[in-house]
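The form predicted on its own is given below as one chain in structure tokens.
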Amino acid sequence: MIKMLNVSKKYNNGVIAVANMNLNIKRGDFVFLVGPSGAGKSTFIKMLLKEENPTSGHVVVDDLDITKLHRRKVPELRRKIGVVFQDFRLLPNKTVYENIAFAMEITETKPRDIRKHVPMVLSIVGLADKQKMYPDQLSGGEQQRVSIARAIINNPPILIADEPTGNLDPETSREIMKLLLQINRRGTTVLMATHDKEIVDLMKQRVIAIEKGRVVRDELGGKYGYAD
């Protein structure tokens, strides 16, 4: 589902963010991406989303080599990838229902399909009774659930979660992880970048550790392994 083939990324200021990276994430995997700040995790994610291009090597997403992908094809690529952020990024002037529906509207989904699928996804994330509320009326955990619902509403084969528990208390974090695991079991490939040692150690999933732009550890049932 995701391949990095001899991928390097050097920025104009001389910083080498990724150095000769090779890895393979299979369809249906649940993978934690860990490492100290500045290790290259953000650049890794940006290359998958075509926000950054590698200096050399090939990035493959769902059997498509996106390294030389034309700009007009980028929206099509991003429809294959749902993204969940630490800061939720919900639209404050839209209700829960409208936030999720908006993700379907921009892909020109028919209104009747939106009316059918939004309630279904809200039920999956446990917010069926919150659809008329606004983001500022929700707890942090509920806002993150809306963010996850929005990310999966178009059934992307890949879900990238960038520090999704970073602003949440431990109990709420565990609830969010249960939800991500549930989504993974439905067939979605999940890649989660995190500094949350407790979550990584608890989940016992595949762990890919990056340091100075290089993969230094790739293990099943892995642990976080960093002091921070």
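Think of the rigid core as the biggest set of C-alphas that the two forms share within 1.5 Å after superposition. What you see is a predicted model, and the numbers here were worked out from it, not measured in a lab. For every residue, the number given is its place in the sequence shown, counted from 1.
What comes next is about the form predicted together with another copy of the chain, which does not appear here.
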{"query": "Residue stretch of 23 to 31, 193 to 201, 180 to 188, 55 to 63 approaching another copy of the chain in the predicted complex, non-hydrogen atom distance within 4.5 Å", "finding": "193 to 201"}
{"query": "Partner contact for residue 157 in the predicted complex: another copy of the chain, 4.5 angstroms, heavy atom", "finding": "no"}
{"query": "Residue 167 within 4.5 Å of another copy of the chain in the predicted complex, heavy atoms", "finding": "yes"}
{"query": "Heavy atom of residue 117 within 4.5 Å of another copy of the chain in the predicted complex", "finding": "no"}
{"query": "Residue 137 within 4.5 Å of another copy of the chain in the predicted complex, heavy atoms", "finding": "yes"}
{"query": "Residues within stretch 9 to 39 having a non-hydrogen atom within 4.5 Å of another copy of the chain in the predicted complex", "finding": "13, 15, 35, 36, 37, 38"}
{"query": "After fitting the core, residue 71 CA displacement of 2 Å or more between this form and the one not shown", "finding": "no"}
{"query": "Core-aligned CA displacement of residue 157 at least 2 Å between this form and the one not shown", "finding": "no"}
{"query": "In the predicted complex, whether the C-alpha atoms of residue 145 and residue 186 sit closer or farther than here (change of 3 Å or more)", "finding": "farther"}
{"query": "Closer or farther in the predicted complex: C-alpha pair residue 138, residue 186 (3 angstroms or more)", "finding": "farther"}
